[in-house]
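A lone chain, given as structure tokens: the form predicted on its own.
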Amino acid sequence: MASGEKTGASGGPAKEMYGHVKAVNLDQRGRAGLEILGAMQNYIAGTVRDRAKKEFMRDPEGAELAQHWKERHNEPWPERIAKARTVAERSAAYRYERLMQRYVGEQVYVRGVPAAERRRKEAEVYYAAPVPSAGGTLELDPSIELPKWYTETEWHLMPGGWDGYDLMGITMGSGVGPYVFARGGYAAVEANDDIRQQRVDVVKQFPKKSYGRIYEPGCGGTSTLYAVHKTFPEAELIGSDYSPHLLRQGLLSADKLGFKVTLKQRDAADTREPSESMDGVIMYALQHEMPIDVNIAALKEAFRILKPGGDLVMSDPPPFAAVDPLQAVVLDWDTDHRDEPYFSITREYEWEKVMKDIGFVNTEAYALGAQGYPWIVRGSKPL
């Protein structure tokens, strides 16, 4: 596709699965393998981790850390996390829970990709079938320069990254999403948490009752934009992402679910949107996948494109200071063991203060869930 070329998707009813459209039915072998992983992840993140937390608190050093964890002092976060990790690793329950988390993190693709591949013919039929357009468009830009921090990371242990496998949309939307991730229990998502409902809950943190135009940088496959549509059905939705695969999947999902989106391949720090052209900006699970300087640049860009009085809502895993020490160790673990290179460094920051320094007003940060997730940071551009 030539730079700047725009396309609209050209049927049958669609069923939403894990915020995606379920494209094809996996075979019994594929479903069963993923269902086992989903049950395993749910169990270890709930029952086994609860035991690890009790063992952490029974340790005198762990109890001392927990008592003073949220107090502000000069000890750097990496040192505080290291102390908590030392206590956590004395627990066999913690070590087992982390071992199985890594196992599930790898196996979802070891099992999910072959399961999708066995349905390649059905997937080709699915993608070739005409789809009534909901009026959305997709603009890809092959000339866009993708940074090394993006291209050299296999996010979430995904082989080849987001664009490494042409049926990754089937792998996620028909397999890993509904059978594993929908059970909760990974990263900051607690066991039994419904990430689909969490997205809706996050969108409801916009303070106004209606919005004209809402923009999402790093929109991925439009799952969050669908939650925005359900909450603000009259709003014009614009999203951007680096990944051509996710954007194509997003437009197809939007057409099948019947809501209009404008999607563009863009840098979150350089949207090319006119200044003061958006009423709202949402950033969902984006911060922890970008370096600090890119995060700050993206926030400055959001401030630029917001109209005076416009609102920004961000949701990401909670900061270390907002959770207990064992949960902080669990969050930090993803940095080295689930290919999330910016998970820890972005959890050290108080982003509401960064937003205030940029110029946002009425900035605040708070949790929606018992373990700090979803974590909300929001603010407004001054009138």
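On a predicted model such as this, the values are computed, not experimentally measured, just so you know. Note that residue numbering follows the sequence shown and begins at 1.
The same protein has a further form, the form predicted in complex with a small molecule, not shown here; the description that follows concerns it.
Colleague: Which one, 249-257, 83-91, 116-124, 267-275, holds residues whose non-hydrogen atoms are within 4.5 Å of the small molecule in the predicted bound form?
Modeller: Checking each option against the 4.5 Å cut-off leaves 267-275.
Colleague: Which residue, 220, 169, 178, 310, has a heavy atom that falls within 4.5 Å of the small molecule in the predicted bound form?
Modeller: Contact with the small molecule in the predicted bound form is made by 220 alone.
Colleague: Name the residue from 187, 138, 203, 290 that puts a heavy atom within 4.5 Å of the small molecule in the predicted bound form.
Modeller: Contact check passes for 290.
Colleague: Is residue 103 part of the interface with the small molecule in the predicted bound form - any heavy atom within 4.5 Å?
Modeller: No, residue 103 stays farther than 4.5 Å from the small molecule in the predicted bound form.
Colleague: Any chance residue 211 has a heavy atom within 4.5 Å of the small molecule in the predicted bound form?
Modeller: Output for residue 211 is no: heavy atoms all beyond 4.5 Å of the small molecule.
Colleague: Residue 96 near the small molecule in the predicted bound form, any heavy atom under 4.5 Å?
Modeller: Contact check for residue 96: no, nothing within 4.5 Å of the small molecule in the predicted bound form.
Colleague: Can residue 198 be called a contact residue for the small molecule in the predicted bound form at 4.5 Å between heavy atoms?
Modeller: Contact with the small molecule, no.
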